[in-house]
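Next up is one chain by itself, shown in structure tokens, the form predicted alone.
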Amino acid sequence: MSQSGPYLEPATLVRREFLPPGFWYLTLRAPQIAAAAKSAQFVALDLPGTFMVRLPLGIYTVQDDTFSLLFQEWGERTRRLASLAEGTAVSCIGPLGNSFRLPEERTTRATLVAGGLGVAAMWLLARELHNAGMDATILLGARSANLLVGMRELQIFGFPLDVCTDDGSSGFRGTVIQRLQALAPPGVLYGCGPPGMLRALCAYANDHGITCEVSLEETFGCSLGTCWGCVVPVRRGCPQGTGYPRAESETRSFDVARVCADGTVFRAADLVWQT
């Protein structure tokens, strides 16, 4: 967890950029949140207009007293956020959630695997790896070239960036998992992306005995752990699970954890993927 925060802070929109075909890159000024942000953490935004629950979005980049958001318009809340004018202030809670952990052995080679907007969890991680002097490779995938985002910002760290597209319109033709399987196994894996990708990544890591952490994407209700609307199955005994004892009549073998409050980052070995 973050050493400080979360904070309830007004965040002022200072820059907005449209990225075709439907992505947005927004920069907001919020000094306390920017100073405390770590990889894979998120903020919850209370947008102007008629009441809606707060919009949770991952913190993408951080620079001085600002942080950025990278998202795609897909519903009323994201459309409302995309339409805000520069200079608008929005109520923001963050940073929320836990973060990726760097291995103690700094010579460990890391591979970062991002699918689609899962790239939003990777910039701060790449910066932490770079600052620690570690070696890393980034695998970035999307269905097609026009859906690739995030390369521009990630390239500043100088890590090899391997692009994968399902249709072969850019880089390797195939998924990031197929590309990963063609490379030498890394010392540690980090991932964020759609559930199918993360399930395959966790299976690969567990089969090869590789330490792996993934940031899960779920639909949040409250973003603060009170509604229990974003639970995922985890193995019993997992430190992020509820730890509640099993009832005599209970048949399930797994525990559950809240992605927003207990995650979003989980170890591959702790997740239970149901068929």
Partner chain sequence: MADVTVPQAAPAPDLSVRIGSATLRAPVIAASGCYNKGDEFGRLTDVGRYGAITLKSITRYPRLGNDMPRLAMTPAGLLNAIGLQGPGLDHFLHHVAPALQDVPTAVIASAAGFSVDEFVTVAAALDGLPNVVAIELDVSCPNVEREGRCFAADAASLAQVVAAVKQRVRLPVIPKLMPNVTDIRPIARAAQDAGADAISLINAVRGLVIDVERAQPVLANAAGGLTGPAIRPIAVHAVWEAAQVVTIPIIGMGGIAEGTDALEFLFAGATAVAIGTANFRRPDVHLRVLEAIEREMFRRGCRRVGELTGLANPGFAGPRPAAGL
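Numbering follows the first chain given and starts at 1. Small disclaimer: the values here were computed from a predicted structure and weren't measured. Here, rigid core means the biggest group of C-alpha atoms that superpose within 1.5 Å across both forms.
The next section is about a form of this same protein that is not shown, the form predicted together with its partner chain.
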{"query": "Proximity of residue 15 to its partner chain in the predicted complex, heavy atoms at 4.5 Å", "finding": "no"}
{"query": "Interface membership of residue 230, its partner chain in the predicted complex, 4.5 Å heavy atom rule", "finding": "yes"}
{"query": "Touches its partner chain in the predicted complex: residue 243 (any heavy atom, 4.5 Å)", "finding": "yes"}
{"query": "In the predicted complex, residue 254 touching its partner chain (heavy atom, 4.5 Å)", "finding": "yes"}
{"query": "Its partner chain in the predicted complex: contacted by all of 19, 29 and 178, heavy atom 4.5 Å", "finding": "no"}
{"query": "Interface segment, criterion being heavy atoms within 4.5 Å of its partner chain in the predicted complex, picked from 48-56, 62-70, 33-41, 208-216", "finding": "48-56"}
{"query": "In the predicted complex, the residue from 189, 149, 93, 90 that sits within 4.5 Å of its partner chain by heavy atoms", "finding": "93"}
{"query": "Heavy atom contacts to its partner chain in the predicted complex at 4.5 Å, residues of 119-149 in sequence order", "finding": "none"}
{"query": "Shift of residue 237 between the shown form and the other one at or above 2 Å (CA, core fit)", "finding": "no"}
{"query": "Rigid core fit then residue 49 CA moved by 2 Å or more between the shown form and the other one", "finding": "yes"}
